[in-house]
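Read the single chain below, which is given as structure tokens and is the form predicted alone.
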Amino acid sequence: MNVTTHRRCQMTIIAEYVLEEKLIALAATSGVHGYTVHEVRGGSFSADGERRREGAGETDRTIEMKMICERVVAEQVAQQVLDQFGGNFSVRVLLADVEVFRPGKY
């Protein structure tokens, strides 16, 4: 099978639930064609291995938002997210190279 793939960038934003609508609005005005969002829970471990859970309460909810787009768009959105929300909210932004089959969708 000879299938042509096209390089794009997958951006994952892990952030506080309260930012969901603001992140969607930012993506919409930045040239992103689509996104997925779901609630996630996470945690971390202290130096002695003790588990600390985040997102345990109703007011401590976290979302994960994923978008696939051109790398330049992802970098611009990432910078805006960090500039606008990074100082006051828990926000993580990850970029990864991916290959897609239908480039017009991204």
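Predicted, not measured: the structure shown is a model, and the values here were computed from it. Throughout, we count residues from 1 along the sequence that is shown.
Omitted from view is the form predicted together with a further copy of the same chain, to which the following refers.
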Determine whether any heavy atom of residue 75 comes within 4.5 Å of a heavy atom of a further copy of the same chain in the model of the complex, and answer yes or no.
yes
Contact between residue 64 and a further copy of the same chain in the model of the complex at 4.5 Å, heavy atoms?
yes
Across 63 to 98, the residues having a non-hydrogen atom within 4.5 Å of a further copy of the same chain in the model of the complex turn out to be 63, 64, 66, 68, 71, 75, 76, 78, 79, 82, 86, 91, 92, 93, 94, 95, 96, 97, 98
